[in-house]
Structure formats: C-alpha cells, structure tokens
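Only one chain is shown below, in structure tokens, and it's the form predicted alone.
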Amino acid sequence: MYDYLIIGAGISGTLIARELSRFEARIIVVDKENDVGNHATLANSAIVHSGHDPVPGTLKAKLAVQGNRLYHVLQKELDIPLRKTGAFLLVQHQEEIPGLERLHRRALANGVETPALLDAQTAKAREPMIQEGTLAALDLPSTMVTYPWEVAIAAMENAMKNGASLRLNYEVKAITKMEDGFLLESTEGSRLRSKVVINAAGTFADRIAAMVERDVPYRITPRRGEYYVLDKAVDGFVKRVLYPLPGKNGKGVLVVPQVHGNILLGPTSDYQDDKENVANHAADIEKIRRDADKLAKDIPYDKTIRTFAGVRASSTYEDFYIEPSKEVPGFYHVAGIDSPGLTAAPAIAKYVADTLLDIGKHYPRKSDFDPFRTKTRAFRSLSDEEQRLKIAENPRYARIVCKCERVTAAEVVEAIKGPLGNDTLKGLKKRIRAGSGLCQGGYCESEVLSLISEVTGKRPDEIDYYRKNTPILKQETKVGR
C-alpha cells in the first residue's frame, strides 16, 4: 500500500513526486509510456515564461510567477540547463499598442520582475534582427528557456534517490475506491493500492477522472502545436524569445532560442479530438513561416533540421484545475496544465504538497532528504586532459558515435544503464542528444541501435524508436547467401 500514487510522469507528476519525497511517505509514479516526459513535456516551446500573460488572480498567474523564480532553485539543486534569454513582445500596428500596454499592466499586477515598454529604436538596438515594421516592445527580462524533459528526468531521478518509486509501461485501466484507499489495475492486469491518488495524466486526465467520478468537472480539449527546429549553427541570430501580441488561441507563433543553440519557430494552435495525434501538416508549417516572418527578418530557414508537433492538455476550465475530487475523498486533480504549465510546474508541485494535500500535517519531514542531483558532464565539454583521463579509464570514450553532438559510445552505454536509463533511440536522444544534430541521426542511429542491442541483449528489430511497439527495423532486406 502506497501513501501517494501519481498518475502521469510528465514534468508536473515528476516534480510533485520529488516534492512529496521530502516526507516520510511511500510514493509511486505510474505512466503508460516507456519513459518519463513523453508527451507535452517533450514537445513544447521550452520557455520559462515571465508570467505576463495569465489573467491576474488566477492560479495560472500566481503559479507561473512563482514557478519562474523556482527554476533558479532547480538549476542549483538538479543541475538542469537554464538559459536566461529575456523576451520581447512585439507589435507592428498602431491599433496593437493598447494591447501591449494592457499586457504591461497585467505583468505588473502579476508581480513579474521589471517589465518595461520600449520604443522601436531601443528594441532594435538590443535585438537587431526584429522586423523593420516593429513599433514597440514589451521587455520581459525574467523569461528563460530550459530543456523540459531533462527537468522531468532530473526530478524523477532525485525523487527516486529519496525513496520514491516509478512504474513505466503501466496504463491504468480501472480505479476502484476501497475503504482504505484505491485499487488501480493496469491493462496488463497488474494491481497497485494507494491511500491517495493524484491525477496528473495530461491529455488523459479527464479519462482517468471518469474512472472514479460520475461528473468530471472539466473536459480536456487537446490542442496540437507544430514547430520548426533550426540547427544550432544559428545560435545568436536572436538573443531573446520573440512573442507577438497574443490572440484568442494563445501566445501565437514565437521565435525561441534554445539552451543548446537551436531556434524553435512555432507553435500553431489547432484543437483536435485525438489526444495523441502529433502529425505535421503542410498548411500549418507554412503558417509558422508567415507568422515568424512578422517578428524577425531574414530567418535562416535553410538551417531547418526538422519539424515536429506536440499536444497540449487544454481544458474547458479556464484555469489550471488543481482541486480535490468533489465526489471521492482521497482523489486529487492536477488537470488542464497547458501553457504556462512548464513554467508553473515547480510551483504546482509545492502547491499540491503544501496546500492541496497539506502533507506536513500527515507525515514528518525526512531528516536525510537530499535535494541534489549532479548531472554527468558531457564528454565534449571536458578539457583535453579530462578527456584523456576518461579514455584511459574507459576506451569507449575514444569512439565518437554521434559526430554532430560529439557523443561517445561510453556515454550511450551509461545512458542506457543510468539510474533512470532508457533503451529506445529517442529516449537516449533526450538524455545525451545523440541524433539531435544536423543529420538528425542519419549517421549515428545505426551505431546507437547496435549499442542498445549489445547492452540489452535485444535483437535490433526488437528495439523501439520511442514508445512501446515502435521498432525502427521491421525485417532484414539484405541477407548474405
């Protein structure tokens, strides 16, 4: 019997687990995927927003500003990447000026740090590649970018270090309320019991809620967003995140520098019924170009290395829905965590632990809680002497597998075997960036596949690209005779 069971290993679920692991409680996170951070946490803009956009007084506004500040703590404790970019919100038409001024007042009301209105001349002096037609800008210096799935991985690693458990490939089929808590059953028949269930299941939160409630107080309305990714060779093209004035469907198409030097362009915003459809559409990709060109000039589209799409867990409720069930004691909702959910995630975790659950009333704090996780430094970042020592220790460091990102065979093996290791191609890409460069795995994918096969004993055609049952190889086409 667990004390707290969290459904969903995205950034919210993993940070909640870490926060709860500060206390003498038995905690487990379950997820239907074969890795943490496989959905919205993976496919988003990676922006730690300032908190300028949510309506003042909402939970989104409060937790976004708090979350932004807490990322500095996470950077120190979990060794996550954080790039302090700042942001400009730009307008090109005179009729947009009142909207810009309104957002400035909203940012001040939300407690955003030092937002400021700039004239066009000042904005262009600081960010030369913004479009010539720019009339004014809202400067949001507290904006940052991070590597979202690394935050989730780091949070879960630290939670496990402090006693929490994780069950992947655990798709919840049924939840039964028992006298002493809940009984969960997976699609494969495995059962878990817990006193409390926390529903952080992202786009599937309403389906999970419907397993225990007759009247779910929200409905998840999945929203697909598509992106361009530009190669890291464009690093420095713009220094800041560039926003347009937001519209009815969200913040609009953005230009976003990333922690490793890439630039994202996007997202689009299209509601759909399918909770997992992440297909790209030619018309939406063209829309990104049209809208991005309104923000910056001479965007180097020739440096595009890929496109992708993600699904956000928007809901019919106008705010984050972080509430206890009105029908079933011990069941808690953490739902509708769309933008700025990534930003708010550290504050959501504290809000759930301290306010929603009031965990300190039920369980004592651990005297030996360790908040720190130290990331292994990438081989490419080491000095020549440090690299020589690594190679002497393990000759596999001398073999470069991914030339674009200079990832070694030793690093691939370590990522497979690590405390939260993964044996899929994309899972390793998330951890060590093998396949993230200009060739997008064209050179290294077969090498990584061979190493996974060697370490795990799986045949190459048994190795998944990403999710369960997604083998990259189907059959041999060239057989020696």
Partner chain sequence: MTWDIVVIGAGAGGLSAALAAQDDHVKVLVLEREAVLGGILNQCIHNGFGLHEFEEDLTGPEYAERFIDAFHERGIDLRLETTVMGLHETRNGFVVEAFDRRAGKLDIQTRAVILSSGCYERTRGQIRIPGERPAGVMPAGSAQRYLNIEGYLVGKEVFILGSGDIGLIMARRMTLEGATVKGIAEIMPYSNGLTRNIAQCLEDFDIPLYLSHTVTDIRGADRLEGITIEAVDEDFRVIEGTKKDFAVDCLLLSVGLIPDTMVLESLDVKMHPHTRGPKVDHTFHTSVEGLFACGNALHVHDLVDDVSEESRRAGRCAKDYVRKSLGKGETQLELIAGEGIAYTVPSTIDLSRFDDLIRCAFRVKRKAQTATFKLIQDDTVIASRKARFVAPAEMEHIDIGPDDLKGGHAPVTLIMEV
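The model shown is predicted, which means the values in this text are computed figures rather than measured ones. Numbering follows the first chain given and starts at 1.
There is another form of this protein, the form predicted in complex with its partner chain, and it is not shown here; the text below is about that form.
- Stretch-level contact check against its partner chain in the predicted bound form with heavy atoms at 4.5 Å: of 202-210, 165-173, 137-145, 393-401, the positive one is 393-401.
- Mapping the unseen interface onto this chain, Gln131 falls outside it, with no heavy atom inside 4.5 Å of its partner chain in the predicted bound form.
- None of the heavy atoms of Ala46 is located within 4.5 Å of its partner chain in the predicted bound form.
- In the predicted bound form, Ala279 approaches its partner chain with a heavy atom inside 4.5 Å.
- Contact check for Phe23: every heavy atom lies farther than 4.5 Å from its partner chain in the predicted bound form.
- Proximity to its partner chain in the predicted bound form, defined as a heavy atom within 4.5 Å, holds among Asp302, Glu95, Asp298, Asp215 only for Asp302.
- Comment: its partner chain is not present in this chain, but in the predicted bound form one of Tyr271, Phe308, Tyr317, Phe369 has a heavy atom within 4.5 Å of it, namely Phe308.
- Contact residues in stretch 442-457 (any heavy atom within 4.5 Å of its partner chain, taken in the predicted bound form) are Gly442, Tyr443, Glu445, Ser446, Glu447, Leu449.
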